[in-house]
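Shown here is one chain on its own, the form predicted on its own, set out as structure tokens.
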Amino acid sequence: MKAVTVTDPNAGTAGMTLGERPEPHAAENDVVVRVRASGFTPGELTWPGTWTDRAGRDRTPSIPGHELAGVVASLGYGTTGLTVGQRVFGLADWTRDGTLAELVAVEARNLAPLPADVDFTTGASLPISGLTAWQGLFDHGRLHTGQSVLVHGAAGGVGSVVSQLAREAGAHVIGTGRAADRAAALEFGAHEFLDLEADDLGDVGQVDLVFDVIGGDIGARSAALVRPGGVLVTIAAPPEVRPAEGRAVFFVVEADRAQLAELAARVRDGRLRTRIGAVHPLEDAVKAFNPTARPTGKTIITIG
């Protein structure tokens, strides 16, 4: 099968190639999916799981990419809940070969049915941004109606979904970003927008929940914005500065079939949109990892 592979953690994208790889086989409780669309995160070449398995052993050449939408090609022993030929989408394991390939083996529990009226490109754009937003807001942030949420990077792939889900839940949403992001942030659900390059972050006042995808100085300064009993949720890095009278949570997104189904239902009825930027065929995937301009949405690779 055709697949993108990486072999050297020190080479970055310079060590990325498109070539032939053996087809995967479905282990117990696995499915093999024929990938129709794949999403990737540019920073994943720095993740340990890209280069080693769960036991810490080298597994190169490895295939990057973790988001997928496609069709079940085969089932492993004991696999239940899915059938051959079924449309699915979901999140591949961090320490196994990924989704920038024609076929990928995935634990069945990491996948959910993809409705027939949701296209593969949209399906592949949902897993990381959608699950991250859902888990950050509801599992870790315990968001409820009437609260206020500050969303850093509100025009980005994760932030745009956070804003929509928070607004649907009855929260007041304040988005942040660069000046050029204002229109998109408001379009994707923010009630207000703050320009991180020109406005004073302290003008926000105190909020119930800060959702941070940036980290660094922005994340550190955001801790002071959390009101007593509130929470700073971040996916950037474990917070060095914590709210004085609130919680701080750093988390890594996990696959969840029920949450994927909730996200797909919202896409179907128009309550949720993903921000898709460039769409490239597999043949151009290596080039897509090296964009010449700042991406304005999720980059998707189509396959087949």
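Quick caveat: nothing in here was measured; it's all calculated off a predicted structure. In case it trips you up, residue 1 is the first one in the sequence shown, and so on.
Same protein, other form: the form predicted in complex with a small molecule, not shown, and the subject of what follows.
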{"query": "Contact residue in the model of the complex, from 231, 213, 143, 174 (heavy atom within 4.5 Å of the small molecule)", "finding": "213"}
{"query": "Contact assignment for the small molecule in the model of the complex, among 32, 279, 248, 253, heavy atom within 4.5 Å", "finding": "253"}
{"query": "Location of the small molecule contact in the model of the complex, chosen stretch of 223-231, 77-85, 153-161, 110-118 [non-hydrogen atom, 4.5 Å]", "finding": "153-161"}
{"query": "Three-residue site 132, 196 and 218 fully in contact with the small molecule in the model of the complex at 4.5 Å by heavy atom", "finding": "yes"}
{"query": "Residue 181 within 4.5 Å of the small molecule in the model of the complex, heavy atoms", "finding": "yes"}
{"query": "Non-hydrogen atom contact residue 128 with the small molecule in the model of the complex at 4.5 angstroms", "finding": "yes"}
{"query": "4.5 Å heavy atom contact, residue 235 and the small molecule in the model of the complex", "finding": "yes"}
